[in-house]
Structures are given as structure tokens and as C-alpha cells.
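Coming up is one lone chain in C-alpha cells, specifically the form predicted alone.
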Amino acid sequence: MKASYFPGCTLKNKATHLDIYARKCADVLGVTLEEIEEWQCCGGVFTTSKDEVATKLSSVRALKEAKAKNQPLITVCSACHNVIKQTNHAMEDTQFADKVNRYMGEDAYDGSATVYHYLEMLRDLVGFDKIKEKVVNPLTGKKIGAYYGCLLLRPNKVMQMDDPENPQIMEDFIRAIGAEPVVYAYRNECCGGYIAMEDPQSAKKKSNRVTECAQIAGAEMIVTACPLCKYNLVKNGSELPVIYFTELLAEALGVKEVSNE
């Protein structure tokens, strides 16, 4: 199976090993990730104003390329995924789409591409049962708390990944690689990443609430799908290791290199 792939800025700069893990794991699971040509930053955040067009153009170009190849578009970073998924949904509005398409001066795009987060790819296209079969290094005995943050799940009407109040996709992923998921109260609450510059103390309070809650519930580590969440939790003094999900998957599938640890 082939899929178009949007790695995003963080995985091409500060977290290149996470991109490498995503590609290697996909190969093991029978998915070829074809990187979007000349992709640009997704925009960082989704601007809800319908008058704002420019920040959405790079996402639209990526969506158009995937649609032209008749491939799903796979994202790994939850922030990129949120922006691209919301942009795709916005393009279903014919008036907004007309404005964007006239601005771009290219063939029209109507929001009909299919967008998957890598976790959804694992669940919906590969299947967790197949992942279990491919695991060569099961993480048996490890108690892992999934941290969703806010961008994977909301707004639910658009993202439609899982139940925003009681998500299961990351817990199912943890089980598939042989570990034990730990469910805790703040796993789908914001870590404060977007207010870290303006109000670092509030961001620290939010982050600490997440990690302390996970630790009290018995987690030995936290797994996340958002590079910003990972950075924020670690920066604010998490006593638990915070690991990106592709790194854990690479370890379980036997493709994680010691030199990247």
C-alpha cells in the first residue's frame, strides 16, 4: 500500500529520528510513505476566520497532491494533522473553496482527500492485530500512560478520530505492542503548550498536572503523538519519561537503532 506523507517541520528539524522511525515502521507494516513534494509548513494552527486564506494554502497543496495520486494523506504530528484535517473540512464549504482556488489559480480542490493520522493508519489501514503479529520485541511489563493532548481529538465533529472524552486508540496501540495501558484523568487535557511563551507558569501547572496524574495512576512512562506536548512535558520537569509513539513502535518492531536513543 502507498500513501502520501506529510512529515511536518518538527520531524524534519528538531525530531528527525521520529520521522525515521515512522518510515521504518511503515515499511515493516507494508505501507510505503511517499513524501509530498515541496511541502511547506502546515501553518502551525488552524485559523477559524473564513477570510483567512493564505495560512491554509500549503495544506491545500498537500491535500491536492494526495488526491491527484488517489492516495490517503498520512500525518504524524498531531498539530499538522489538526491543521490539515480542519483545512480539508473547510474546503467542503463551496464559497470558501472557491476563494481558495481562485487565490491559488490552479485546478479546483473540493476537500475530498482522505486524511489519516499515523495512529489511525495503524488502526484502520494496517490493523492492531497485524501489528501484534509483527512485534519482535514486545514491551511486556511496561505500564504506559497515553497522553492525547487536545489537538488529536478536537474539534470532534471534524477530527472524528475517537471519543474525545474517553478515547481508546492509543491504549489499543499500547496493547498491540505488548505493554499495559494506564488510564488517568488528564490524558486528553491540554498541556499548556500554546501559552508557554505568554504564561509559562500556567503552562508548567498544566503540564505538571498531566504527568503527576499519570504517575499516581501507576504509569512508568508517557507516550504522546504531539512533538509540542512532548517538549512541553519534558521542559516542565516530568518525572516520567515522555516518549513519542513512533519511537515505541520502532522498539517493538525491532527497527529502533541504539545510536538514536
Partner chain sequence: MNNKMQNLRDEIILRSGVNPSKCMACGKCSATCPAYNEMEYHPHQFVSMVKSGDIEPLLASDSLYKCLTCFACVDRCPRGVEPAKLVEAVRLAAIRQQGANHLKPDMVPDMLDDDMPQQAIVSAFRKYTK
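Numbering follows the first chain given and starts at 1. What you see is a predicted model; the values in this text were computed from it and never measured.
Just so it is clear, the following notes concern the form predicted together with its partner chain, a form of the same protein that is not shown.
From the list 174 to 182, 102 to 110, 160 to 168, 132 to 140, the contact stretch for its partner chain in the predicted complex under a 4.5 Å heavy atom rule is 160 to 168.
The closest non-hydrogen atom of Cys226 lies within 4.5 Å of its partner chain in the predicted complex.
Although the partner is absent here, Lys67 sits far enough away that none of its heavy atoms falls within 4.5 Å of its partner chain in the predicted complex.
Although the partner is absent here, Thr55 lies within 4.5 Å of its partner chain in the predicted complex, judged by heavy atoms. Not displayed here, its partner chain is approached by Glu198 to within 4.5 Å at the level of heavy atoms in the predicted complex.
Among the residues Ala26, Leu63, Leu233, Cys42, the one placing a heavy atom within 4.5 Å of its partner chain in the predicted complex is Cys42. Site residues Thr47, Leu151 and Asn156 are all in contact with its partner chain in the predicted complex, judged by any heavy atom within 4.5 Å. Residues Cys9, Thr10, Asn13, Lys14 are the ones in 3 to 19 with at least one heavy atom within 4.5 Å of its partner chain in the predicted complex, listed in sequence order.
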